[in-house]
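Next up: a single chain in structure tokens, the form predicted on its own.
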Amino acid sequence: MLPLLALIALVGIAGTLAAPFVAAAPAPARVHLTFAIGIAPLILGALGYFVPVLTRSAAPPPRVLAAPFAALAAGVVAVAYFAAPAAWPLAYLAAAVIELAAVGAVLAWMARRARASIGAPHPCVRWYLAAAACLAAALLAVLVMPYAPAQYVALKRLHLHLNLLGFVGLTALGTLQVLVPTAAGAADPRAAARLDADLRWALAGTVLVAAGAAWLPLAAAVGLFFWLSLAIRIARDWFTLYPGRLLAWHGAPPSLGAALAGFTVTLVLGALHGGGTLDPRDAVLAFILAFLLPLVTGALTYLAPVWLRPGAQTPWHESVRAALGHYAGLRAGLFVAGGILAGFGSAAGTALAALGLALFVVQGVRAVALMRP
């Protein structure tokens, strides 16, 4: 399931990058290709994998396994609406209801697993709970829109930021702090304490940025400060522990480290957008290129072999991982540089990121060849 969802996510991102050049699809339809069809189902599926590991519990029940595909269906409905809103006037509400049901099932399951875990659950689980709650709140904002037309723009901004920083940001930053030490092959002794202490600031930062973007710009500035402080602390600890791994040419750590760098860059670009310097569409594209692309490709580099052949790690796992991670440092540089350029409105940014994605596809083909018996 997870390899399929990851492939769909990459196709969704590729569709977002290609759409301006091959079709006249509206910007919201292009963005929802990435987030509603690609990233949301992948994250819900990944939660079904990580939560049992972190709570030392059994695999999720069928309703949780079905949630990513319900979210995928909701994403298809949302893209159809934004591509032709006159033809599907209420489709966005239907999409929000379906997605809300999917995230509600996952959120309730995670809460039960956290309560039933032996001892305190890993602090990353609380990041996942907060992320799912942010997505639920973002979807509720969509459902309120028809009843508060004067607040439509504010609710749209609230929805966007609760999704980007809340759902995607909290899930990703929580997971990275668990995954980077695993991929680097060395423990991060500060990770659990950092996750435990920083969630309040990350969640407060998310709420302040979302509410500030909707109604009070000064609150958004405070929220961005919280997020930037958190990201800088993580980067400081990682570069103290894993400088050689993060700056290597090959492997998963360069991509995962670049995801944190890209996230930090997009926070700065978001501040410029909030100040009226950058187009908001360019800021969202920068988030996709500089953050999501290194995040997804880096996570796949390390996790795809585990998802395809669970169990004890073998030379096969290492060979597939090596194939997927070949020239990951170069790819990471292309993604982050592309995101920066795209954030300032340059089409060259999309071209650089597309080159990095094409390189990953080539490495993926090599990895598939290694998977044959």
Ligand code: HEM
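As the structure is a computational prediction, the values presented were derived from the model and not from experiment. Throughout, we count residues from 1 along the sequence that is shown.
We do not show the form predicted together with this ligand, though everything after this point is about it.
In the model of the complex, this ligand stays beyond 4.5 Å of every heavy atom belonging to residue 308.
The closest heavy atom approach of residue 132 to this ligand in the model of the complex falls outside 4.5 Å. The closest heavy atom approach of residue 168 to this ligand in the model of the complex falls within 4.5 Å. Contact annotation for residue 96: at least one heavy atom lies within 4.5 Å of this ligand in the model of the complex. The partner is not drawn, yet in the model of the complex one stretch among 145-153, 244-252, 266-274, 121-129 has residues with heavy atoms inside 4.5 Å of this ligand: 145-153. Interface residue among 82, 109, 302, 226 relative to this ligand in the model of the complex, by the heavy atom within 4.5 Å criterion: 82. 78 is the sole member of 258, 103, 210, 78 with a non-hydrogen atom lying within 4.5 angstroms of this ligand in the model of the complex. Within 4.5 Å of this ligand in the model of the complex, a heavy atom is found for not a single one of 114, 195 and 203.
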